[in-house]
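The chain below stands alone and is given as structure tokens, in the form predicted alone.
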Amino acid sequence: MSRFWAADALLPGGPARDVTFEVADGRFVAVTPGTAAADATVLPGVALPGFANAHSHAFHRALRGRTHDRGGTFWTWRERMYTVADRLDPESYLALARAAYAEMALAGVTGVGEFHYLHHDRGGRAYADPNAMGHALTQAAADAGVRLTLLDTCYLTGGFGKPLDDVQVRFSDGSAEAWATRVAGGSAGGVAVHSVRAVPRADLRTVVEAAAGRPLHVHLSEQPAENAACIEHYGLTPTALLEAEGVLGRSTTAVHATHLTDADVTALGASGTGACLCPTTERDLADGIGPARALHDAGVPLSLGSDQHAVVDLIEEARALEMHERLATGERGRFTPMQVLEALTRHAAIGRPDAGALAAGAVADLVAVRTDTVRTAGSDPAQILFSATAADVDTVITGGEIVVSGGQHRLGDIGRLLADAIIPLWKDA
């Protein structure tokens, strides 16, 4: 049994002092406030549950700092993304994803939902192992000490009624049935509909059936153009289309959910569908500010993701949940600190409801955030998410295993790993 002690901790009931955490077989067996450190390992600062990054595209990490030269739009950004996608294979993907997941661990992430659609070789040819790219991601996460939920993504068309282009064929299995067959032979923890523009209406139920109660994620209403095209093609908003085809539900998470009608918000809430907001991506791509508080008030569980990894700082994603609401409404206090923490640690969105709380019986994920840095000195530990950044994460424990200590990852120099994986992808680009 391992024992850890923190002077401050954010427990399910709120802030607590002098807390001892006892861990065995990867779970908390006791969490006891008002105790002495005794023989426990002392953690600096304030202890929080491990963070959940509910939406990741690992290969997008290679785009950071490479898409701003001509301004552009989401669609011009996508062309740069295709450049990277076209250059990856299982070996290079393993190196890139390992470094990207290690960067997440340094930021306090203990569980990640990987929205995985880069399935095949150039020209859409299947690898000898048709799930080779997914296996690379699984190995990368294990090496980085981050728990992975691989969300194998169905991607069939290049837009409403449009064929796939030369890069998109790498994303597609050709039919929903072929996709479902490949998924059944792999080790995905869940599935995804890339978007209503990439999966025709007639194929949506095949994805629902393949999910079989596991997490099902879908990019939803990220762009006004997507909404307009869906209404023109089907006469329905994307949300209404998903509702009509039985995609919404308690196992489903709508990613982005930025441009919604009031009826869309009501439908998501009534069905128990979750929403994963990705604030740093949404502002990087000029997508807009989603209706976070309206979704919350409608009963939609909120989670957070770093998506394209323009920033890997889940504390910043969490803080932006409140800050974007302030910008949109002109009001402060739209979310309490504990509500922000709840979204930050909602591992249920990626199929692990037993994680995300500092409580006996929960998976032993813990993040220690320093309270003595130039950013956090003097902060109330209960409000640490409004002052800290990823740079203040000192210790990360995933399933009882120490992955980050003293701000250093067990794999060593993660900056070097990132550079070694990314720079070759842009050679002669």
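Treat the numbers as computed from the prediction; the structure is a model and nothing was measured. Each residue number is its position in the shown sequence, starting from 1.
Keep in mind that the form predicted in complex with a further copy of the same chain is not shown, yet the notes after this line are about it.
- Although a further copy of the same chain is omitted here, in the model of the complex none of Tyr127, Phe171 and Arg352 has a heavy atom within 4.5 Å of it.
- Contact with a further copy of the same chain in the model of the complex, judged as any non-hydrogen atom within 4.5 angstroms, is confined among 398-406, 371-379, 24-32, 44-52 to 371-379.
- In the model of the complex, at least one heavy atom of Gly288 sits within 4.5 Å of a heavy atom of a further copy of the same chain.
- Interface residue remark: Leu106 is counted as part of the site for a further copy of the same chain in the model of the complex, having a heavy atom within 4.5 Å.
- Shown alone here, Gly333 lies within 4.5 Å of a further copy of the same chain in the model of the complex, counting heavy atoms only.
- Put simply, Pro337 is close to a further copy of the same chain in the model of the complex: some heavy atom of it is within 4.5 Å.
- Heavy atoms closer than or equal to 4.5 Å to a further copy of the same chain in the model of the complex belong, across 378-403, to the residues Gly378, Ser379, Asp380, Gln383, Phe386, Ser387, Ala391, ordered by sequence position.
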